[in-house]
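Just the one chain here, the form predicted on its own, laid out as structure tokens.
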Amino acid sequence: MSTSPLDTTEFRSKLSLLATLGVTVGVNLQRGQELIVTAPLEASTLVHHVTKVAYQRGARLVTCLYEDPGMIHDRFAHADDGTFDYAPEWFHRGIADAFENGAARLYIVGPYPDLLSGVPADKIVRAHRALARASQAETRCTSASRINWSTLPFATGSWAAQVFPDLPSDDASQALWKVVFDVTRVNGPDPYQAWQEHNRTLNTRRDYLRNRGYTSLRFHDGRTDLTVGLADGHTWVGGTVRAGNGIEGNCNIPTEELFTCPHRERVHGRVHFSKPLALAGTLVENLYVEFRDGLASTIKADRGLETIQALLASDDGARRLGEIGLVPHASVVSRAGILFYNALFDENAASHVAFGQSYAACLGIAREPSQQPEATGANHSAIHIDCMFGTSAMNVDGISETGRVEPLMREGEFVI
């Protein structure tokens, strides 16, 4: 009987190492902390490794909230139309209560890109909006980094089939897992040391950007010419994050970005997005947007235009920006040379913006941007959609309050 490449001692060892990085480098779980995990059913083996490592570090309790893609599909296929404006606030309030009592959080993300193919975009938007409302208390804790939390990838079979459509299923899964282990630094000789060195680089650049105090950034590569004003009182985030509870870790594995908060009314110019977006079971290709006074005034796409328009029309803040992120073209994720159809990876392969909600952590505050004075310029929305526009030709300038222009990136790479 032949052995699956995903059922070998070597693979299990690497999966265990990925779990160890998630618990230690990512969450940095402390002795006596409770850990709440979210994962798709398919990722149960990775969850078992996470659980073992967490208890070895002295976890008080590990609880996993499994997501069943079949149940999600059945809801959209069979539930009454009027139910898509409902989400269980009681459920998310319980998680928020656990956070208030010291729990940490690990999101294991395993996408199912074709799960909602054929579902009307309006129905997905309504369900997403209801979920955003119901989970506000929970989201406030993570978006403001009041607790230690992290995100870890899992290569589902569905995701592997989309990334490597020409390979048999086992080969596609093996190929995607190899890339996942590469970009999370599991495949290196000393992953923990590699993460320490990587974080030092990110932290040094992050601190440089914080100290320069730029009021805007200009991106230009011939096709894109975009000026992004930055929110008043913004701060740069990236590398390690010290949570409000004093615990320092990485919110995403992998992570290559440095990001902050744009001013919702100070974005001008045009941007051509260099990577397709996988949204609600639809691929949005060759997206082009023009901004005026922060608002996306013109939106074009060769494919998926109806979906992106529906999402950006979902509330008043959806057509404005809530994040701007800098990523070098030579990042380990970019070097993989793959379109991942997954924001956790694609946003770490190219500089990007996000439509919708701002992160409170980018304002150095412990509350949601919606609770701040309008003067900060932070954006508020039920959505947060990362869109990648970085290229090997992208130049980025930092502009000070006095108008001084300083180069930050040239031909896709940092010069700082």
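This one's a predicted model, so the numbers in the text were calculated from it and none came from an experiment. Counting begins at 1, following the sequence as shown.
Not on display, but discussed next: the form predicted together with another copy of the chain.
Although the partner is absent here, Thr376 sits far enough away that none of its heavy atoms falls within 4.5 Å of another copy of the chain in the predicted complex.
Within this chain, Gly269 is remote from the site of another copy of the chain in the predicted complex, having no heavy atom within 4.5 Å. Another copy of the chain in the predicted complex is approached by Ala79, whose closest heavy atom lies within 4.5 angstroms of it. Taking the partner from elsewhere, Glu34 is found to have a heavy atom lying within 4.5 Å of another copy of the chain in the predicted complex. Contact with another copy of the chain in the predicted complex, defined as any heavy atom within 4.5 Å, is confined among 324-332, 170-178, 112-120, 86-94 to 86-94. In the predicted complex, no residue of the candidate spot (Arg292, Gln309 and Leu339) has a heavy atom lying within 4.5 Å of another copy of the chain. Screening Ala354, Ala361, Ala59, Ala382 for any heavy atom within 4.5 Å of another copy of the chain in the predicted complex leaves a single hit, Ala59. Shown without its partner, this chain lists Arg75, Lys300, His220, Arg200 as candidates; in the predicted complex, only Arg75 has a non-hydrogen atom within 4.5 angstroms of another copy of the chain. Contacts between 376-412 and another copy of the chain, taken as any heavy atom within 4.5 Å in the predicted complex, involve no residue at all.
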